[in-house]
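Take a look at this one chain, the form predicted on its own, written out in structure tokens.
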């Protein structure tokens, strides 16, 4: 009986967090309504406050939940049994797909970075320490390992990570401007798929000491990691 009660409590808490992530990502901390979160989670507001002290505590818990899941998924890729270079390619490709499909995470982190710069965030340091520092340390260690084995070019590992991940970030951040100055939409399925492939093929040609091997590994990774079904954005109609 007690085990069932704990299970139901965990399920209720999970529903609340999923609803909170959606509400906070769409409206921010100030604009989000706890009544909307309670309704989406199918609980009353009293029960919501039973699990979370107040709106700020719920917001922090939502951030920690989504950041922990993203970091955990990334570390799982970094800990695969393939070579360091292949894992870097897989890490970069997963990062591309995350930028495309994890809209709640992207929105929450952008909002929180703004709050952090203005001194309003109490959660960013905790999230960085608990979720992203272990992931980043593992990624840099992996590049060191690849350099040591002779598989990867001998460059500053931090710069290699900037090159591998920074291009993904710029692609999505610049999409609205590209729509304005060109006749194409980078987030349409066709251009997005082309960029996704080109990003990994480019890394295969630039970070490996053996470019032919890098090109083969890029093809292997792309074949093994097709575009996730939830990574195709829904295009809004006028």
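Residue numbers count along the first chain shown, from 1. Treat the numbers as computed from the prediction; the structure is a model and nothing was measured. Definition used throughout: the rigid core is the maximal C-alpha set that superposes within 1.5 Å between two forms.
If you look for the form predicted together with another copy of the chain, you will not find it shown, but the lines that follow are about it.
Among heavy atoms of residue 179, some come within 4.5 Å of another copy of the chain in the predicted bound form.
Using a 4.5 angstroms threshold between heavy atoms, residue 97 stays clear of another copy of the chain in the predicted bound form. Contact annotation: residue 46 falls outside 4.5 Å of another copy of the chain in the predicted bound form, judged by heavy atom distances. Although the partner is absent from this view, residue 213 stays clear of another copy of the chain in the predicted bound form, with no non-hydrogen atom inside 4.5 angstroms.
Stretch-level contact check against another copy of the chain in the predicted bound form with heavy atoms at 4.5 Å: of 68-76, 108-116, 82-90, 144-152, the positive one is 108-116. With the partner omitted here, the residue from 26, 56, 64, 201 that has a non-hydrogen atom within 4.5 angstroms of another copy of the chain in the predicted bound form is 26. Contact annotation for 115-134: residues with any non-hydrogen atom within 4.5 angstroms of another copy of the chain in the predicted bound form are 116, 117, 118, 119, 120, 124, 125, 127, 128, 132, 133, listed in sequence order. Taking 2 Å as the criterion, residue 130 does not count as shifted between the shown form and the other one: its C-alpha moves by less than this amount when the rigid core is aligned. Positional change of residue 149 between the shown form and the other one stays under 2 Å at the C-alpha, relative to the superposed core. The Cα shift for residue 166 between the shown form and the other one, taken after rigid core superposition, is smaller than 2 angstroms.
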